[in-house]
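Only one chain is given next, in structure tokens, and it is the form predicted on its own.
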């Protein structure tokens, strides 16, 4: 993707990922059309085709997903509509118009039984409705044979502008002396700002295919919470508990750290550590006086 490209970002006006992604693309010199479901219904095939043609879009980026992991257990059809049907629809539209498709997936496609980072080639075995519908979305794109595509598996997102795990933890920490957070689920905390930069890097490198795009390092939810609370300077004790002590409807992988070697080889550098990205985010929140 050398030179100036035109990119439509679905969910680019208000989304946790869409907003920083729109900014990152513009900063890199690309022309971006961010949309909401109000301005462009992603399920309206004719409208999406018309938007791609009118804007002369080179790429369409889908940041829309059903991400309520526990709720998905009760709403499998709605989760499938957003996570499986939509990417399949978009892939067909891209094939027809010649645009490329960037789609985001998740670490929840894995069963969590490994103890070393998951590579793109590792077998998938999702344990939740959310993970199953996200995997089905990946497959919908691949089965169509759309050549110009990027499927980016990411995880544990935090970032400015929209509610997320880290922001919720800081809110709780301000009003409580003790917080108990699960310590037996290990993953790859990821900044939406960094994920946006990684997406732009891959597009500019002309990369296609499946990539794991997360910040480097690993953490438990408890470690992520502790780091956020101490960075914010809040006096609250963060204590580790087990998943059994905090039952949730959907089964989460015990270990889902993602290996970013393929990403690093494609763009020439590894992602920065999550702690660095987290501190930048939390300092930003503190500066805003939240």
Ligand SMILES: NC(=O)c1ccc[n+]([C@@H]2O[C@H](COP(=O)([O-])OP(=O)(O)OC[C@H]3O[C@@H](n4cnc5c(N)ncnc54)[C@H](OP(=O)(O)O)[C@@H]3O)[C@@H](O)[C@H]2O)c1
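Predicted model, so just to flag it, every value in this text is computed and none were measured. Numbering follows the first chain given and starts at 1.
In what follows, reference is made to the form predicted together with the named molecule, a form of this protein that is not presented.
Visitor: Quick one: find which of 120-128, 178-186, 204-212, 102-110 has residues within 4.5 Å of the named molecule in the model of the complex by heavy atom distance.
Guide: Comparing against the named molecule in the model of the complex, the contact stretch is 102-110.
Visitor: Indicate whether residue 48 is a 4.5 Å heavy atom neighbour of the named molecule in the model of the complex.
Guide: Residue 48 lies outside the contact set for the named molecule.
Visitor: With heavy atoms only and a cut-off of 4.5 Å, decide whether residue 64 touches the named molecule in the model of the complex.
Guide: Residue 64 belongs to the contact set for the named molecule.
Visitor: Evaluate residue 23 for contact with the named molecule in the model of the complex, applying a 4.5 angstroms cut-off between non-hydrogen atoms, and reply yes or no.
Guide: Result no; residue 23 lies far from the named molecule in the model of the complex.
Visitor: Taking any heavy atom pair closer than or equal to 4.5 Å as contact, tell me whether residue 36 reaches the named molecule in the model of the complex.
Guide: Yes - in the model of the complex, heavy atoms of residue 36 and the named molecule come within 4.5 Å of each other.
Visitor: Please state whether all three residues 71, 73 and 255 have a non-hydrogen atom within 4.5 angstroms of the named molecule in the model of the complex.
Guide: No residue of the spot touches the named molecule in the model of the complex.
Visitor: Quick one: from 162, 139, 114, 168, grab the residue that has a heavy atom within 4.5 Å of the named molecule in the model of the complex.
Guide: Looking at the other structure, the residue within range turns out to be 162.
Visitor: Only one of 200, 93, 157, 146 has a non-hydrogen atom within 4.5 angstroms of the named molecule in the model of the complex; which is it?
Guide: Result of the distance check: 157.
Visitor: Since the partner is left out here, which residues of 67-95 would have a heavy atom within 4.5 Å of the named molecule in the model of the complex?
Guide: Contacts from 67-95: 67, 78, 81, 82.
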